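Shown below, as structure tokens, is a lone chain in the form predicted alone; questions about how it binds or moves come after it.
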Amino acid sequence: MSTSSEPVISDRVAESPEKLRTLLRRMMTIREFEHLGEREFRNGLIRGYYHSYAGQEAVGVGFIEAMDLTRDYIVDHYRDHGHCLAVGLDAVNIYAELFGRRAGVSKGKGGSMHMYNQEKHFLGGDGIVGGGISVATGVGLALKRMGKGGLCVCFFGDGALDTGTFHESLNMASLWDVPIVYICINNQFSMGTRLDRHSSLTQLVDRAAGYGMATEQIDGQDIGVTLAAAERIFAGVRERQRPVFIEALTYRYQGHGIHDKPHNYRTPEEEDPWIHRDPLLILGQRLIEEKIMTGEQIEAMRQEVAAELEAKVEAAKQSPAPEDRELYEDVTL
């Protein structure tokens, strides 16, 4: 790992053909899930807001695949649907949460930004930019004191680095040797503001290196890269019991949220290179080149995934809404 400002691009992981097919299906499921979720938002079934994870699948799937969810924990940000799928939660329950139904992962009370599941050690999304960073630091400190080798993974966007809690938390984690991996999903925009307009340092690893922790910048578009980096970094954190900061370079294909219009602040010429490095396209091309799957088989998989998710949308719609009395349950006074 590096503490310099020079990007460190990890090697691809060598995985079995079956594992690569599984990773493709997992990322494909997230992409198709988001397409249907946005459709149901526009149909009026989802209230509040909707933040799509489309384009960033290789980050969440790669890092979560390398975790040991019997002892590791995740603290997330508001773009959390894809991570819920990656830890193994059923899309029926995630859709039900989006629809405000009782079968939802948070019993229909959390909605898009506040998914939670104790069994999967998924400690929730957070509607506040950078809001989960201090929570995750506390979780990491608790895991250190438990002494079972667990670590905490905290996901957030580049805009979270402009919050005070980011700096306070990283200083504390480095000072107290907290086993935590901070993963900045740098999708190039803080809401609608380009990185170089809100950060004087555009190599975000430099901002974390100032706290004396190891940092690494990786290609967040390639699942082989993210998985290889995750396996190596997690092993190091467990051994050294020290925090690490990761800047995963990726791109947000949709706007910040469903009502955002990205064509107001970026051009097709800017978007085109990133679209040609779509995480699904990169892995799909690798599978074709290594003669693991054909293009026709990949498209058949996509259609199968889309059909399965359509059925899960319909099943989620059948779940009843919470009763009025449930408003007072699961609340700590």
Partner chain sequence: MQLTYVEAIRLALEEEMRRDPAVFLLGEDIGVYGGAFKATAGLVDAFGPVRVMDAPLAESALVGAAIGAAYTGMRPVVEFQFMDFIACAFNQVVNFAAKSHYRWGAPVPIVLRGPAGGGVHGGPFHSQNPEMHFVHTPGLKVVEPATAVDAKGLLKSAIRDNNPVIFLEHKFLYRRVKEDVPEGEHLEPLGKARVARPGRDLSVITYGAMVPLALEAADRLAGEGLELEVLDLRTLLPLDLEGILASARRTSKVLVLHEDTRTGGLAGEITALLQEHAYDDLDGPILRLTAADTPVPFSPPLEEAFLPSAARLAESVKQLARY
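Since the model is a prediction, treat every value here as computed from it, not as a measurement. Numbering follows the first chain given and starts at 1.
Another form exists, predicted together with the partner chain; not displayed. Remarks below refer to it.
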In the model of the complex, does every one of I128, A142 and M172 come within 4.5 Å of the partner chain, counting any heavy atom?
yes
Pick from 239-247, 160-168, 83-91, 217-225: which stretch has a heavy atom within 4.5 Å of the partner chain in the model of the complex?
160-168
Under a 4.5 Å heavy atom criterion, is V135 part of the interface with the partner chain in the model of the complex?
yes
Should K120 be counted as a contact of the partner chain in the model of the complex, where contact means heavy atoms within 4.5 Å?
no
Would G110 count as a contact of the partner chain in the model of the complex, using a 4.5 angstroms cut-off between non-hydrogen atoms?
yes
So in the model of the complex, is the partner chain close enough to G150 to count as touching (4.5 Å, heavy atoms)?
no
In the model of the complex, the residue from A229, M115, V181, I185 that sits within 4.5 Å of the partner chain by heavy atoms:
M115
